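Quick heads-up: it's one chain on its own, the form predicted alone, in structure tokens.
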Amino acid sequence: MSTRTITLIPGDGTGPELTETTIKVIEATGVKIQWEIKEAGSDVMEKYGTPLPDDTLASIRKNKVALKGPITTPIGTGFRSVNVAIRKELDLYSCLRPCKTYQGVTSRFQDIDLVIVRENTEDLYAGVEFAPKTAETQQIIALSANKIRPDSAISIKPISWFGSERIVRFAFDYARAHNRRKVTAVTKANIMKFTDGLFLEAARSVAAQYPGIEYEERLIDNMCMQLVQKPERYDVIVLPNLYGDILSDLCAGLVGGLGVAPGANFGSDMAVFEAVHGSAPKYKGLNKVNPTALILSGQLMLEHLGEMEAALRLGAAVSAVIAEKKMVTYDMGGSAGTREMGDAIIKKLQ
């Protein structure tokens, strides 16, 4: 078995302890990995003058695969999201977020198995913003046919045919490869007729090329209600960036929270795997937080690497530990720490 070199970004806050536990669990599957450790996040700002050093990006470009711990994003002030920056710099256009129920995790629902496919590079998250009362903002206001207050800040929402077509194709290809039955495209095209309307046109064009997979459309507000009332009706859901971010958290709530929500970001030849949740800095160093989401992200990474047998064993080990409820963290009703839960999963693997 050859050894693979993979970039490891420990992150900040609770990120380092989560990644430490996760790599031990992944290595227990028997897959040979050489971890190339690189830094990113708020803790490296003083050292590098940036939360995302060029060397970190270069490592991902070289190795093509990275596992990333949570990284803090300041709210309202400070640097923009490192997570968003990595996706944009590497053109990781597809965010994959599976959401499934696990026996032993408290939830109002059972037998949920959804996959969110979120476009990662466009929409309002593209960061095309203008501060209030600047010359650029006033020019946009003057050009607009709508009545916009002169003290407004403005964000622009770019949606391209290219970006829409490739994310919908990713969703259908994923559905076909994983024997999924249906793809649902979600927009607000009844109101945003040009941007969301273009996304919907691209989705219809792609869907016509996959006759073996059911295709349907929902409006984002109705989709939120549908998921709360009838989540079992849905399978693969593809959305523009902002809606995808919101809906992925909603779906995580359906299955017990962000603690069991893995994630992956794919480009044409690169992939970064990460938990959906944040860095929880108030719990830093306390050996308290749930490692499940990052470990399941590692499972997605093993699948991507073609290590299907190891991925299946890892998924089964995680499920068994959660179902027993003996060695799980506080948020799952247990008293185990991060490391202890990881050790319990390793025992199941052995």
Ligand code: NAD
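Quick note: we count residues from 1 along the sequence shown, nothing fancier. Here the structure is a predicted model, which means the values were calculated and not measured.
Below, we turn to the form predicted together with the ligand, even though it does not appear here.
- Distance criterion of 4.5 Å from any heavy atom to the ligand in the predicted bound form singles out Val289 from the list Ala66, Leu314, Val289, Ala40.
- Only one of Thr184, Thr195, Thr121, Thr72 lies close to the ligand in the predicted bound form, with a heavy atom inside 4.5 Å, and it is Thr72.
- Partner contact region in the predicted bound form: 82-90, out of 138-146, 230-238, 82-90, 213-221, criterion any non-hydrogen atom within 4.5 Å of the ligand.
- The ligand in the predicted bound form is not approached by Pro53, whose heavy atoms all lie more than 4.5 angstroms from it.
- Under a 4.5 angstroms non-hydrogen atom cutoff, the ligand in the predicted bound form lacks Ala189 among its neighbouring residues.
- Contact annotation: Ala175 falls outside 4.5 Å of the ligand in the predicted bound form, judged by heavy atom distances.
- In the predicted bound form, the ligand lies within 4.5 Å of some heavy atom of Asp331.
- In the predicted bound form, Ser279, Ala280, Pro281, Lys282, Tyr283, Val289, Asn290 are the residues of 279-293 with at least one heavy atom within 4.5 Å of the ligand, listed from first to last.
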